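A single chain comes next, written as structure tokens; it is the form predicted alone.
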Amino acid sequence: MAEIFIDNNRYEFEGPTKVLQFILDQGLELPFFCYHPSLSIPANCRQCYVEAGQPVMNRETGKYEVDEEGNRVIRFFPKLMTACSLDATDGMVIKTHVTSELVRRGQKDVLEFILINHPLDCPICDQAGECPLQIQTYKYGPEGSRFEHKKVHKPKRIQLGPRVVLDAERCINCTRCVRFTEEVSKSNQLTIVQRGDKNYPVTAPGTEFDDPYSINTVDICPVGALTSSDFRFKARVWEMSSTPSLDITNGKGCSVDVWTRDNLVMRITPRHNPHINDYWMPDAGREAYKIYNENRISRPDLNIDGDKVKSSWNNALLTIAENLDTVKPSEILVLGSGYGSVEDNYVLGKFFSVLGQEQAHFVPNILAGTGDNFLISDDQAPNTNGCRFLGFNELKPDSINKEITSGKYKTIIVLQEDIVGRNLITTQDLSNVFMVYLGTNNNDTSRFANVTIPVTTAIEHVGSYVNVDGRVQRSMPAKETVYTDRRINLEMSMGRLDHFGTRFDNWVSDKNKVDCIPAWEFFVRLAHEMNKEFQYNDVREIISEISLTNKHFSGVSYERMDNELGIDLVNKQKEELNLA
């Protein structure tokens, strides 16, 4: 196996690799700006300087030459090399800033040049606290500035598009944003204009940066030159807590991080997952913060003579229980949803099977032609395949109307599916049925339902979702409800303010907590109200039962989902069939 020596330590490697990426893969540190593992390598920032050399081989003997002490003779390149573009070769010797004064001086000089015209915006810059330039200047840069002339000024606060704002003075011309639009999103909407110390990225005259993946350029910008219009000046990174989750706005189910402060979602960023979305996500998925924060259903609602009235949980449970006691199982239509988790849908189906209604249904929300064969799919729901794998009956959008208007159903139970808003059914067609809606946000269906039950969103509970490729991931609670507390819930992460904040501090507010519970927990409570033998104590008990009773989910656990970044249920089943 090929070997390479980095700062006097020996490492082995296989196949072609770049020195910088290999160093990072070993958990070592080497500063850089322009390099990104999923983009081409321009080597234009020069920050990843290293000393590199090769052992001298005697061409006659085919053996390495050694010195008087028996060590290999190393011939170093005459100048510092950029590690990002340098191919690792067998026997190569690398010196980083750890062992080389020349490298330390080179990195320091590069940073000094970068900082000559860089504005001192750290106190007001959104990137502060997670800025590579800020961090590397502190660790590798000069202690002070020798530049005493007027800095070059460039355009500020340029609205490149509906979602991205440019501050050209902060740009260090790493070209990551331009390369992203050329190589990943392929919109080619950004380019570098001007020359020398006056250049910066911008769109062509008369055009705007409306790329459906535009905010990814904000994520990869190593300074605060590109900022998100929605998140700009909203919060500092050290004020927020970060929780791994998934995108609920699309069937692809991109892996994301959800950033919260004072129990509000401040931003959503992509989380690296080589199986699903690499380092990227669509802009539409970031707007899910509005779903989590705004227009939430809080406390049960009863529809009394056309007016929505807030009610207690006990009263809502009693109302539903009384209705279910008066109808036959065959007169109940159970509608699951691709927007609900695997666990919620499973418990929905099992609860009504206990009542005698064996078949649950769902209506996929698939809009043909809206996908792009990248990270946006035609499927608008994150868990359509989850409903299929659970064995729910798949109804076509035009057939749900026939089912409901057939007259055989007196009660409809709907889980997180806006059947009125999607024009699957009209309110007139629902006038003769009793409808219970379990949802997260107010919509046309919740406004018409006889009873509306508020349930948790994907970031307020632990739940599993199967994407369009058959890969199951799970969400973790990032927001508290009225009934949860991140200080005692080990599934929840805590930010700096969470650790020290109390309800008497001005950055902590109980008003941002929604009065809702997981859908599975509601059906457990309903079973208790109806004196049925039906009990689950926690969500892990549910996923364990699903993995034991459903062949699609055999062997699935939250631990495996976490460790494997999701589980490929389709290929897993194929492998099991081959082994059988």
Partner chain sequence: MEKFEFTKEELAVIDEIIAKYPNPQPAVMPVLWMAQDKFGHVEPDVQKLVANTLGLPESHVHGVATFYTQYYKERKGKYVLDVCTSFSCQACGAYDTLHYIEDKLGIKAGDTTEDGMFSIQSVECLGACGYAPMMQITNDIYVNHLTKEKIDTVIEDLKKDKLPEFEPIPLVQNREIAQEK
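All values derive from a computational prediction rather than experimental measurement. Residue numbers count along the first chain shown, from 1.
Omitted here: the form predicted in complex with the partner chain. The next part is about that form.
Stretch 185 to 193 is the answer when you ask which of 185 to 193, 341 to 349, 99 to 107, 79 to 87 has residues with heavy atoms within 4.5 Å of the partner chain in the predicted complex.
Within 4.5 Å of some heavy atom of the partner chain in the predicted complex lies at least one heavy atom of T203.
Contact annotation for K198: at least one heavy atom lies within 4.5 Å of the partner chain in the predicted complex.
Heavy atoms of T207 reach within 4.5 Å of the partner chain in the predicted complex, making it an interface residue.
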